[in-house]
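Given next, in structure tokens, is a single chain: the form predicted alone.
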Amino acid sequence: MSSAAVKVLYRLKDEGYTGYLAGGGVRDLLLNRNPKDFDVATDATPEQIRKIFKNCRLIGRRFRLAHILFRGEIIETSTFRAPVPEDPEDTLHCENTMRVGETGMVMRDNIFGTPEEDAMRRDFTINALFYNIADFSVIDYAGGLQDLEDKIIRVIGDPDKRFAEDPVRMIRAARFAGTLGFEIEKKALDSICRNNNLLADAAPSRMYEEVQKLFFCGHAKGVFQWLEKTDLLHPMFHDFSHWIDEDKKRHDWVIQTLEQMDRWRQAGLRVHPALLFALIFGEYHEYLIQQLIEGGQSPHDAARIAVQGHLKGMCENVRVPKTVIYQVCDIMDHQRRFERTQGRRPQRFIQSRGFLDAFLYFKFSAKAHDRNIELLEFWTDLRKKTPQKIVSKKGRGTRKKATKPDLPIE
């Protein structure tokens, strides 16, 4: 367990509050996996938590949370939640602390309850487990221990209602199934296939965060297969998903990309979002760019128009930040520069800020499609021979350092 989480739990206990390790941290420890984060649930209110911990900040409007800050780690601490009222009018006595939308989605939720009520509010049984530091016991109100043993993703309560409350739960079900190697319980699976259109109601900014989790989890290929099985790809990436459905080779490109992402993640390597989107949508962008060039656009303008048109259109469902969109544009626009190997152009290009990301895409594309192999050898050799020039922040000239190693591509 995280030493920071242990400190939070014992501090709450010493102050007279109940505090449990909650959710995914308990699940992963029971599965002998390394938890990515440790969350705490307590009967202390957010304001009481802030009084106990000086290193605390309160965040969120829909769900009021306390972030307790440690060096290099944040322990997210929440107060036990009460059930969602059947009738939105029942929230009037709570001073507008809960608001339910017309579709049943919970828009704001700060009604506090008991540990059992909080457990039953959670999305899946395997995420509703608590660890009690007071007596070192695992508390299971929802049958999560049995589902862990059976390797089942089961929704707590009625799936249709729970997915209407928060449509992102459908994506989370696919991610957990792909990551853990579990099956989604049939009733929940049928509900996802029936209600996947509800993803249109999810917040685009939150969808962007979820997409990164899907493809950075180390099991992106398995997750993608669950997204296909549940037909969640279409509401997430509408045009792109229809495009890959038309040709098996296009689908194979995506699978190759995700397999490479998994190899990087399992090796402990990180890929920033711009390179992620460039690789996943790369062949689709190349297709759009070629169409624009054949229609009379210059290669430079075609790359910018195609990439921005696709990613900005996708922002209705998945809000990709502008900086990421511009970086993806640069990666795709730079691809034509790899064809220029004469004169000083290669040296200038290799020293430019966007070269490494563009080169990684070029390298992956060349190996995946068995093309431009001679060009790849030329640029690989040139990189080895050319140390990078780093401009001093104070503007006092430049210094040289060794070439940054590439991400390995198989």
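Since this is a predicted model, take the numbers as computed values, not measurements. Residue numbers run from 1 along the displayed sequence.
Just so you know, the form predicted in complex with adenosine-5'-triphosphate exists too; it's not on screen, but the next bit is about it.
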(request) Could you check which residue among Phe80, Trp253, Phe176, Phe338 gets a heavy atom within 4.5 Å of adenosine-5'-triphosphate in the predicted complex? (result) Phe176
(request) Please pick, from His334, His310, Arg122, Arg304, the one residue with any non-hydrogen atom lying within 4.5 angstroms of adenosine-5'-triphosphate in the predicted complex. (result) Arg122
(request) Evaluate Ser191 for contact with adenosine-5'-triphosphate in the predicted complex, applying a 4.5 angstroms cut-off between non-hydrogen atoms, and reply yes or no. (result) no
(message) Within 4.5 Å, heavy atoms only: does Lys36 come near adenosine-5'-triphosphate in the predicted complex?
(response) yes
(request) Evaluate Asn196 for contact with adenosine-5'-triphosphate in the predicted complex, applying a 4.5 angstroms cut-off between non-hydrogen atoms, and reply yes or no. (result) no
(message) Check Gly23 for me: does it contact adenosine-5'-triphosphate in the predicted complex (non-hydrogen atoms, 4.5 angstroms)?
(response) yes
(request) Go through 36-44, 363-371, 344-352, 65-73 and give me the stretch that gets within 4.5 Å of adenosine-5'-triphosphate in the predicted complex, heavy atoms only. (result) 36-44
(request) Could you list which residues of 127-142 come within 4.5 Å of adenosine-5'-triphosphate in the predicted complex, counting heavy atoms only? (result) Asn127
